[in-house]
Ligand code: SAH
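As a starting point, one isolated chain is supplied in structure tokens, in the form predicted alone.
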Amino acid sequence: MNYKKIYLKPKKEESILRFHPWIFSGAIASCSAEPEEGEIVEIIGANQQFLGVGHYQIGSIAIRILSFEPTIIDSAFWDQRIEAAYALRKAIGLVGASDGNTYRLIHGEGDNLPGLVVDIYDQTAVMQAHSIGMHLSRKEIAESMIRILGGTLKAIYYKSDSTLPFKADLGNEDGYLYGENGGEGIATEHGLKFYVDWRKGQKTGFFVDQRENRALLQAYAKGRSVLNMFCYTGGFSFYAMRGGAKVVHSVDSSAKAIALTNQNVALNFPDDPRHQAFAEDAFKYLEKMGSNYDLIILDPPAFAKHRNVLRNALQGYRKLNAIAFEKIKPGGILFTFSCSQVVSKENFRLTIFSAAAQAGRKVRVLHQLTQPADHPVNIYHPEGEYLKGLVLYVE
């Protein structure tokens, strides 16, 4: 290896020795030479101890570790990591499933590839880089995916304009790295179809991480009046309809999201009068609605992306859920979520408890939810457990 060396301050190697994949800027003492942003560096601890190699980046998280062993980051490295990720998806039955062709292939730290996300929609892979290092390696990663996935992959779309640090000033690099098929397709999940717009949609085009939670909701929907708040592309809505819901209302502040929800509902339940969609602010809709619903889904975007706004985010979750508790019919079911990484399970549960107490309702926990198995959590990186959810019975 001939990488520049990053030397850590005394006692700052302890978390690395426990295999945590992040090194914060405050832990760095010096460098053998100033590294470029995105460059691969070697990490050295006390007594010249080798600790790992990783991508360097300007910011709070200064290094994301790729390997804790002396490793050359080349095509063989990418092949090995992507092969391991693919093997896991095969093992949990997502590759070649008879009722679905959508899953997450690479989930950052959970697949020992920090800063990289890849979702599979049928024969298209959508790749997102969350670090400059992964951005600079995108072509090598794409070539590796083509080798590993073989003929099952017809296109790779790179979509990182909104996920890379804006200060890096890299310009808009979104586009096809391999193949091309127009930027929109139809994928399937548990036998239901949905449109995916990976060019203009949020994230990679669909929220793959709610797959199992949507399936659970279907089991509770029969005969109920359902409100899907922050519906985005309507995933929970068409699962509720398949579950036998009496009526389903989808709400999102984005008119584009509502249009896509209507398209997805029509794709699965054409001309079904049970569904209506509304482009409206969530809090305004909740405040003015009556007690019309006995199944409510609250799946808002991340209220907190940084710890310095955590307090305000928790107040937002409390206010949102308190209104839902006040309005939901007796015997109602509430599916409520947080996708904020900085909101812990304990913080989220305490906030929902406070909201229930504020509303004066008796509430019981039926399920505690998280992300599915294709979004694995590295046991040494508990921050990777970002999705928290509760299914609550409200008397």
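Sequential numbering from 1, following the sequence displayed. Small disclaimer: the values here were computed from a predicted structure and weren't measured.
The protein also exists as the form predicted in complex with S-adenosyl-L-homocysteine; that form is not presented, and the subsequent description refers to it.
*Asks:* Could you tell me which stretch in 274 to 282, 97 to 105, 73 to 81, 133 to 141 has residues with non-hydrogen atoms within 4.5 Å of S-adenosyl-L-homocysteine in the predicted complex?
*Replies:* Every other range fails; the passing one is 274 to 282.
*Asks:* Would you classify residue 293 as touching S-adenosyl-L-homocysteine in the predicted complex, given a 4.5 Å non-hydrogen atom cut-off?
*Replies:* No, residue 293 is distant from the partner.
*Asks:* Flag residue 221 as yes or no: does it have a non-hydrogen atom within 4.5 angstroms of any non-hydrogen atom of S-adenosyl-L-homocysteine in the predicted complex?
*Replies:* Contact with S-adenosyl-L-homocysteine, no.
*Asks:* Decide whether residue 210 counts as a contact residue for S-adenosyl-L-homocysteine in the predicted complex under a heavy atom distance cut-off of 4.5 Å.
*Replies:* Yes - in the predicted complex, heavy atoms of residue 210 and S-adenosyl-L-homocysteine come within 4.5 Å of each other.
*Asks:* Is there a heavy atom of residue 111 lying 4.5 Å or less from a heavy atom of S-adenosyl-L-homocysteine in the predicted complex?
*Replies:* Residue 111: no contact with S-adenosyl-L-homocysteine in the predicted complex.
*Asks:* Please identify the residue among 262, 188, 253, 123 with any heavy atom within 4.5 Å of S-adenosyl-L-homocysteine in the predicted complex.
*Replies:* The option sitting close enough to the partner is 253.
*Asks:* Answer with one of 269, 86, 230, 195: the residue that has a non-hydrogen atom within 4.5 Å of S-adenosyl-L-homocysteine in the predicted complex.
*Replies:* Contact with S-adenosyl-L-homocysteine in the predicted complex is made by 230 alone.
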